[in-house]
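One chain follows as structure tokens, the form predicted on its own.
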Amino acid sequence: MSFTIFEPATARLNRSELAVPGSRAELFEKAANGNADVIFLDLEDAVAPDDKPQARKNVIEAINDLDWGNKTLSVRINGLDTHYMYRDVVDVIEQTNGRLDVIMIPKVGTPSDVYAVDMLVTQVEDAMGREKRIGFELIIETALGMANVEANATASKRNESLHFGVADYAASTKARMTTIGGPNPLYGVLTDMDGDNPRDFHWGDMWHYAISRMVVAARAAGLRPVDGPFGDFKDADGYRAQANRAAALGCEGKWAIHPSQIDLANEVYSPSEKEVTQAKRILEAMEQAQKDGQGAVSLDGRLIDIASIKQAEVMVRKAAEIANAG
């Protein structure tokens, strides 16, 4: 283990993160009563410019008046390149009751972007005498943001998670893509020629590098990596496939842009009973091995060692976290 260790961010269940437009106040109570682990009330992309002042008022009222239970509550502010951002931060903190947990910062490009919001949030909190410190969720959704992802991840002690914003990232990198998330039929490889036999075309995951890099940056800094939106909310199988591949790479959860995606995300990012049982068996086997003076042992024909303990402990802790939240 390196001597340089970042402290883990505030522990929060983050399997599903539901996006709710701030201009759609009629959706707030349903979201509060739903199954999403995290809800972000959106003041940015989901709100038309003319509706932004009213959306901000809607969000403030909802934070104060609704019972959000034990859900993590977030607000996505407008970008630093707009004149809406400062008022989003000041009004939402000053005019709410302290229930807000995190602020989502869109299109983070450089550490100075995070620093600017941190400075503003700190001043407002101090002026209000707030003891609870609001955390930050950073969306990595531009080429600049990805180029600086490691520095962005450590730009503030408020940072809790990194999110992959696939749609804006595709636009920023000028990728040949018009959908939000999912595969691209142009991204693949053709098998070698073999006489007159037909050649097979294998699709690839064009977002693999971006998500993998974000995951490494997040985990190295003690943050939660979260996969972003999947636009076709009628395609449950497609959503599940994208969620599974992000989970395999180390993501802790995924956005839901429609309520139908919440349970899918919760399912994918929850360890199964079989997985938890196996993890507990590994811990029991290694505990016995250590008593016997062994650093490794065989279980079901497979070698397990100290690294296996770490993997198993992650699984068991996650299951306990989910059980406590329920």
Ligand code: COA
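The shown structure was predicted, so the numbers you read here are calculated from the model rather than taken from an experiment. Note that residue numbering begins at 1 and tracks the sequence as displayed.
Another form, the form predicted in complex with the ligand, is not on view; read the next lines as being about it.
Considering only heavy atoms, tell me if residue 269 and the ligand come within 4.5 Å of each other in the model of the complex.
Because no heavy atom of residue 269 falls inside 4.5 Å of the ligand in the model of the complex, the answer is no.
So in the model of the complex, does any heavy atom of residue 225 sit within 4.5 Å of the ligand?
Residue-level check for residue 225: no, no contact with the ligand.
Since only the chain is shown here, I'm wondering whether residue 258 would be in contact with the ligand in the model of the complex (any heavy atom pair within 4.5 Å).
Residue 258: contacts the ligand in the model of the complex.
Looking in the model of the complex, any heavy atom of residue 60 within 4.5 Å of the ligand?
Contact with the ligand, no.
Options 314 to 322, 298 to 306, 5 to 13, 19 to 27; stretch whose heavy atom lies within 4.5 Å of the ligand in the model of the complex:
Flagged stretch: 19 to 27.
Report the residue, out of 135, 145, 106, 229, that has at least one non-hydrogen atom within 4.5 angstroms of the ligand in the model of the complex.
Only one listed residue qualifies here, and that residue is 229.
Which of 55, 31, 38, 282 has a heavy atom within 4.5 Å of the ligand in the model of the complex?
The option sitting close enough to the partner is 31.
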